[in-house]
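Only one chain is given next, in structure tokens, and it is the form predicted alone.
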């Protein structure tokens, strides 16, 4: 990380972009669902800042979605933010972010997650602040489709190439490593891109990369939703969806740094845990029958693959 660049970060531009991103994604998800609307709140943050959670529930397409904007100001960096940067412990900081999750009702439509964040830590000696961007998006299908996985990753790669063609392989590897459940020895889904501590090339170039990856989210997700939303499902598919959602809950509660940061920063617990699905199930020592679509998820999709380089399947 090239901390200490003389280029001054534009906090106002970062906040304006994320507020616009939240509004645009909420509008797009409402249009996809067709009926449900986001509930909006504005909550003052202890120590300064604001939280604007937006939650949609019980739509015909989207069972639950949360798109939360947060601007946190604090006197001391939380432990979740300094785990990899211990030299910043105790510093005053700002964190501006949008975090989102979509849990569709139809099991053929995948769950998705995205997060875009900007951190700035003051120098107590009066020097230049340390700043960085982080973010990315990942996909968690219940039933896998090659064309969806290829589209998702190609869209992510194109966004990264705004900055450098070297970034996508790096960010993909970081996503595969992060969204992994070690206690299950399996990935959460098919990944995507994930990065943190990013300030390469200075503020303007890093900001451009960050904006590109945020703007790519809807381009990656919306076509998948539109392809799968009308597929017929029944009790079998629903039970498998609820079972796989259990993995999602395990990751968010046991490992996710964003969950830990929000709780350590004194955020409203209801907002921090808005990413959890409304319904979930655990089945003791269960595994899918060989040769089924459920088994194919494990055998074909829940393993690292270079999806962006694979050819699209021929129409049947």
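Residue numbers count along the first chain shown, from 1. Remember, predicted model here, so these are calculated numbers, not experimental data.
Beyond what is shown, the protein has a form predicted together with a further copy of the same chain; the following relates to that form.
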| property | result |
| --- | --- |
| Residue stretch of 206 to 214, 113 to 121, 234 to 242, 148 to 156 approaching a further copy of the same chain in the model of the complex, non-hydrogen atom distance within 4.5 Å | 234 to 242 |
| In the model of the complex, the one of 277, 49, 59, 258 near a further copy of the same chain [non-hydrogen atom within 4.5 angstroms] | 277 |
| Any non-hydrogen atom of residue 268 within 4.5 angstroms of a further copy of the same chain in the model of the complex | yes |
| a further copy of the same chain contact at residue 254 in the model of the complex, heavy atom, 4.5 Å | yes |
| Heavy atom of residue 283 within 4.5 Å of a further copy of the same chain in the model of the complex | yes |
| Interface membership of residue 273, a further copy of the same chain in the model of the complex, 4.5 Å heavy atom rule | yes |
| Contact test, all of 229, 293 and 302, partner a further copy of the same chain in the model of the complex, heavy atom 4.5 Å | no |
| Those residues of 183 to 198 which, in the model of the complex, come within 4.5 Å of a further copy of the same chain by heavy atom | 183, 184 |
